[in-house]
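Next up, structure tokens for two forms of one chain, structure 1 and then structure 2.
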Structure 1
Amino acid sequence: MVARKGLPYALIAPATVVILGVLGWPLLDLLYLSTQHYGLRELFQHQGQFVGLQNFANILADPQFKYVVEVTLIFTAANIVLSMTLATIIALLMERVSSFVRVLLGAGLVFVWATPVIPAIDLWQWMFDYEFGVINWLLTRIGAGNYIHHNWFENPVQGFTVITVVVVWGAIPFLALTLHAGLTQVPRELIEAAQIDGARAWQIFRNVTLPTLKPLLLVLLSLSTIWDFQVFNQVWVMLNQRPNENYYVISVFSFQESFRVSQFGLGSAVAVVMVAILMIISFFYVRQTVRSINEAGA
């Protein structure tokens, strides 16, 4: 459609101003802050001291930061692998169950998806409560050991396991339902032809289903990576807003450096590292999405 030249610019102007003003400006400011010494004194004066790349040198030399990075990577990888695998299994299962079970399972997944994250964390906190939590009761009852008065958060490996359960439980519905919708796009004829040719179920999955789903799987994988890498709420709320140092994933570490010990410069430097990693991960997702829009011609 031929447009008067200025019209589209006028239409996008308000959105651009708000996005750049309220997100773009702080993003630049974050970069700037990461080069500042910005403690409590600077907070009162509203003015930091320029220290160049000293903050980055400090965090890279900090053994705690090394721990933070390691924990974050393991935690992120565990969340991605578990949620993607389980979601794929559920999506494949949904194709094979009777329609009654499919509708029921679909409805259940939508309910979980709809549940807001903070109430969801609270309810898992209750289920894993050391004293009256239903999970401790259940594990003891089925003979998995003595979990009476078992505190899951004393040991960070167990604590992170619980947090992973919460993250994966919340991530599965979107992934499984999207994959299930994607599966219905796999051409029936192809699968039937493969069956006639005597292909086994696993061969059909590998050679027919998987290639068709590949673009969707890649997008879901990059979205999962982006989301799981920056998990904050689940750690923060699950541990009653006072996570100890064992539980510092990168987002929590950046937050604590800034708001608990008031080293805003150091906290910003950690946040810059986090944003930089996310930008690299997002690149594929953004490119894929923009390309598809431009190909569709609108």
Structure 2
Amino acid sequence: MVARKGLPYALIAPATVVILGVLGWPLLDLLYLSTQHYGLRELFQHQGQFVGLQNFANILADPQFKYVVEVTLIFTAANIVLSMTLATIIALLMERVSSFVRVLLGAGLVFVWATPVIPAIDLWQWMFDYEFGVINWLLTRIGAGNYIHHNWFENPVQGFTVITVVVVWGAIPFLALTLHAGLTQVPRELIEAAQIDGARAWQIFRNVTLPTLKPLLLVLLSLSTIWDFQVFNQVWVMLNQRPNENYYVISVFSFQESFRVSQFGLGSAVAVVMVAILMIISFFYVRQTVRSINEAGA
């Protein structure tokens, strides 16, 4: 009996050791570096100066860091809401179209999902280009206004809107396909019973579909939070590797501190704070997921 209870732990032990080695050691190294004053001089000497929590005190007292955190949280929330909402709508539509259309739509989503990140961002950058962007031409052509030589990134609100479009476009395929797979697991007899009782489509979704998908939705929310909170490529490439301070999200700010200012200790401290925030948010999602699974099994 004791051996049988210990079998699951023995089976996951090899994978746990590998994960701890691959992920745990870099994280410990990051924590160590965050307690060091480590600039260019220390980089050449391969020896930092221990400063304890001074790096954390410096970034927490920095008004720019507070601005970066606020922008990152708002940016992340907007991406999550838009991507999850649109992905849910697409997944529901895939349930109601013909098999042929569903295959075409699924193939299109897979194509978007399979597109490498950098070429995809380059394509979007060209579409919103100041001089040759097709978006400016199209908006002007349909009479939405004069967008000839319109610089979308001159205004941070418009710039982040463009970046949000790119992030959501890349996130929708995985979310929509996963939600569509989850919808196939909703018991049809429950939906048919609700329809017989006169429930409308929205009532069926809220009272039947949504509770069934709740564990899956929480997992996807957790993954989306992790991905969107640490967005870097979209900001960095869209702004030609020269984002100004208005476009600093926390990942870009950490990179700037580390490699542009050559304060690797401060950059590491910013990264540690980012990981800490993600761990807190992920803990909430995991707790809610476990609770919903226990409720479903009760």
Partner chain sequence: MRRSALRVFYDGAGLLIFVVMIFPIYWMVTTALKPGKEILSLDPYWFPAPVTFENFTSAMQVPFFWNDVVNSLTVVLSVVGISIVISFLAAVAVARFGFRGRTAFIVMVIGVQMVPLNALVIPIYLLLDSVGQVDSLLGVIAYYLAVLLPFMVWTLRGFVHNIPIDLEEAAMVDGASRVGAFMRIVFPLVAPGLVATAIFGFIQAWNEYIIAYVLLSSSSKQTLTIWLASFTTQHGTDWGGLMAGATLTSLPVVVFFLLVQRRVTGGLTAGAVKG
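Sequence positions of structure 1, starting at 1, serve as the residue numbers. Basically, rigid core = biggest C-alpha set you can superpose within 1.5 Å across the two forms. Given the structure is predicted, the values throughout are model-derived calculations rather than measurements.
Peer 1: Structure 1 or 2: which one is the form predicted together with its partner chain?
Peer 2: Only structure 1 fits here, because that chain is the form predicted together with its partner chain.
Peer 1: Classify Pro26 as shifted (yes) or not shifted (no) between the two structures, where shifted means its C-alpha moves by 2 Å or more with the rigid core superposed.
Peer 2: Moves: yes, 2 Å or greater.
Peer 1: Rigid core superposed: how many angstrom does the CA of Met279 shift between the two structures?
Peer 2: Between its two positions, the C-alpha of Met279 lies 2.4 Å apart after core fitting.
Peer 1: May I ask for the C-alpha shift of Leu11 between the two structures, in Å, based on superposition of the rigid core?
Peer 2: After core superposition, the C-alpha of Leu11 moves 10.3 Å between the two structures.
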